[in-house]
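Just the one chain here, the form predicted on its own, laid out as structure tokens.
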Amino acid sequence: MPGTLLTLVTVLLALAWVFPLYWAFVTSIKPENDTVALPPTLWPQTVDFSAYTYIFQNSPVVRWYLNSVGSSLVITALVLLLSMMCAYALSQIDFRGRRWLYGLILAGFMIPFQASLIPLFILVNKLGLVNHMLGLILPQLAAPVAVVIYKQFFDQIPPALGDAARIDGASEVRVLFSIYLPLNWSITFSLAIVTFIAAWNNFLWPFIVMNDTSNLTIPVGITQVQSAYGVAYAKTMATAVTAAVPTILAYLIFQRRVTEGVMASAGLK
């Protein structure tokens, strides 16, 4: 009986989680007038895909897509590279101030991004990077979670492996990418997926720093889809569904890796 009850509760929670996604898709395939009809229907009386046709023909949604894909890929690659190199230095290289630097990175967990939003925007504005792709990307490269996860894995690798390579004349860069990185491909892959999804879904910073319609990312571009009479719900939902497709596919294909990355990140907070 407890098992049945637990299953029932789990199913109900799953349905509650899925319902907004279902409602967004159903709304996107309704005629615009039916989206505000009362009482609302769980399935459209007339299936209409004109909202999808409209957004692709009358809004720069393809450009928003390209902006999101480009910025998310660059952010993911740079976050992994910088975090890996920083973690390697903290784990394997004995230099002055190492403990102080690691404590500073850990302190990054206690500062929410929203708290640094205004000074960050002032800095980016003074650098002339507002409405520029660099202004969008650079502030998102700080990832203390990735640094700490990498450091934990590097700490578990026997130092003798690196010492043997150094005796043979290998540089620290060679040791990192030829010995330590191949031993941590699984965590690198998990972090890459989680970082890409987070960068793709990021709304607040792109909304603040980008003000040219053609430079928007897809989550921010959704807010720009309107009709002459106000918010067009079918078109807005069509844009939202279109924007969600890459993250849904990424999660379905790499579900196990995403779960491992989220659990590794959650274990550090």
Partner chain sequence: MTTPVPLRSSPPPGPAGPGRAAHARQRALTAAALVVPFAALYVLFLLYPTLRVLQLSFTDADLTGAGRWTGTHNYARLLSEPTFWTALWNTVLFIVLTAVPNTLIGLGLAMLVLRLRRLKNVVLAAFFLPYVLPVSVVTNVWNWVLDSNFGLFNFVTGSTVTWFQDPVWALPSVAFVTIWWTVGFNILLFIAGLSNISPEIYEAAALDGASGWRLFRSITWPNLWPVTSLILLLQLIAQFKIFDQIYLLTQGGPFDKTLVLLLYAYREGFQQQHGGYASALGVVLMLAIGLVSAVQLALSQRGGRS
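Think of the rigid core as the biggest set of C-alphas that the two forms share within 1.5 Å after superposition. From a predicted model like this one, the values you see are computed outputs, not experimental measurements. Positions refer to the first chain, counted from 1.
The form predicted in complex with the partner chain is left out here; the points below concern that form.
Chemist: Counting only heavy atoms and a 4.5 Å cut-off, does the partner chain in the predicted complex sit next to every one of L13, P39 and L101?
Modeler: Checked in the predicted complex: all three residues contact the partner chain.
Chemist: Does F121 reach the partner chain in the predicted complex, with heavy atoms at most 4.5 Å apart?
Modeler: Residue-level check for F121: yes, a contact with the partner chain.
Chemist: T35: heavy atom within 4.5 Å of the partner chain in the predicted complex?
Modeler: Heavy-atom contact with the partner chain at 4.5 Å: present for T35.
Chemist: May I ask you to check whether Y233 falls inside a 4.5 Å heavy atom distance of the partner chain in the predicted complex?
Modeler: Yes - in the predicted complex, heavy atoms of Y233 and the partner chain come within 4.5 Å of each other.
Chemist: Under a 4.5 Å heavy atom criterion, is L204 part of the interface with the partner chain in the predicted complex?
Modeler: L204 belongs to the contact set for the partner chain.
Chemist: Which among 179 to 187, 134 to 142, 150 to 158, 69 to 77 is in contact with the partner chain in the predicted complex, heavy atoms within 4.5 angstroms?
Modeler: This holds for exactly one stretch, 134 to 142.
Chemist: Under the 4.5 Å heavy atom criterion, name the residues of 101 to 119 that approach the partner chain in the predicted complex, in sequence order.
Modeler: L101, L104, I105, A107, G108, M110, I111, P112, F113, Q114, A115, S116, L117, I118, P119, in sequence order.
Chemist: Cα of S68 displaced 2 Å or more between this form and the one not shown, core superposed?
Modeler: No, because once the rigid core is superposed, the C-alpha of S68 moves less than 2 Å between this form and the one not shown.
Chemist: Comparing between this form and the one not shown on the rigid core: C-alpha of A244 shifted by 2 Å or more?
Modeler: No, because once the rigid core is superposed, the C-alpha of A244 moves less than 2 Å between this form and the one not shown.
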